[in-house]
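This document starts with one chain, in the form predicted alone, laid out as structure tokens.
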């Protein structure tokens, strides 16, 4: 009788936990049609492994570089581990986690997040729970995720028992009942893939109409906290025999000050790293701000991303020694499917834009 009672209790507990998990999956944001960048981090795990190059960073990587172009023109396999407003400590832990799944020849880190100091600045535009969630909720549980949560929580999140809310997202999203839409039910247990190896495609065109102006800063020195995480990236890549390449994507806003560029160039020289500020090579890349941006120069559209990727691919081959993998029949078959999906979405989005005009 005692064994039967234990079995009944265990079965009831399992059913209860399953119900709670199903509720949690229903209530969590899906990021399928709106704010699609929120789905990017989770998509990596289906593709993890066997990449020559992995990009780490914010929107300046997931909207400005096309892995499909790198494959088609150079036979480079790559993936972008990008997320909205990804801060440098989050980038470090994503990089650390990536090495649990693969060891790429090159890690590419976009340095824009060096401008953001510390997660303790609650309420600032650079530090919001919504942005944290788009990076952290999609990570699989590991020591890297735990440390990233601890280093990322704002003071407001800590006061609301933030770690528990990350451990059990149902506690955070339980009040979304009134906001549920058909999309929540459609993607309750299985989501579509929104990216192409981490690249989020945009085909719209909204040209630059005026220079992006920002008020000069009082202090241009990057914070010690940011240098600490950058140092850790250098050490991590050295440990795994991976080349770390620092880049600044060619986005016109936020402004990338000359003083910041000088600091990054000096850091790269001191640590024997390749640093490329693509803003200095816009003409060589062929970027046309009348046709290659969808938001007046903040990010590139697919036409600009393909140009930038074509330019960067040559650097990866000539300066980083990445080999052409297109002669590998297995990889060629896999990437042929990726190219077909990319071309199909590009055609579909272009048709939709043309119909809307």
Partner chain sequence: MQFTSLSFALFAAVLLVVYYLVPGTWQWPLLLIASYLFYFTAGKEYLFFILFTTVTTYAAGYLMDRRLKQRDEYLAAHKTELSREEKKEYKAKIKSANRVWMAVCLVLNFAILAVCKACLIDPFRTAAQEGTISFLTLGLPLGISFYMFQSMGYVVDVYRETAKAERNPLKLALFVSFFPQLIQGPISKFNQLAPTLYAPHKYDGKQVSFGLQRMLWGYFKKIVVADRIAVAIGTLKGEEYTGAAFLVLTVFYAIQIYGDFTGGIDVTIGLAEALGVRLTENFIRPYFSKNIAEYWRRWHISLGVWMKDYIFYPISVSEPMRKLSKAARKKSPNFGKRLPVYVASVATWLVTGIWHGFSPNFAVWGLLNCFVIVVSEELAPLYEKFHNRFHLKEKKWYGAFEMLRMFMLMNLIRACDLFPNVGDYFRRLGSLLTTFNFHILWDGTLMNVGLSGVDYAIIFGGVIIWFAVSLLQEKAPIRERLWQKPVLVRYCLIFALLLIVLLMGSYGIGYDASNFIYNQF
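Positions refer to the first chain, counted from 1. Just so you know, these numbers come straight off a predicted model, no measurement behind them.
Not pictured, yet referred to below: the form predicted together with its partner chain.
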Worksheet item: Does residue 298 reach its partner chain in the model of the complex, with heavy atoms at most 4.5 Å apart?
Response: no
Worksheet item: Might residue 220 be said to contact its partner chain in the model of the complex, defining contact as any heavy atom within 4.5 Å?
Response: no
Worksheet entry | in the model of the complex, residue 164 touching its partner chain (heavy atom, 4.5 Å) | yes
Discussion item. With a cut-off of 4.5 Å between heavy atoms, is residue 174 one of the residues that contacts its partner chain in the model of the complex?
Written reply: yes
Worksheet entry | Candidate spot 9, 156 and 170, all three touching its partner chain in the model of the complex (heavy atom, 4.5 Å) | yes
Worksheet item: Looking at 117, 184, 261, 129, which is the one with a non-hydrogen atom within 4.5 Å of its partner chain in the model of the complex?
Response: 129
Worksheet item: Just one of 339, 23, 334, 349 has a heavy atom within 4.5 angstroms of its partner chain in the model of the complex, so which one?
Response: 23
Worksheet entry | Stretch in contact in the model of the complex with its partner chain, which is absent here, among 299 to 307, 23 to 31, 324 to 332, 50 to 58 (heavy atoms within 4.5 Å) | 23 to 31
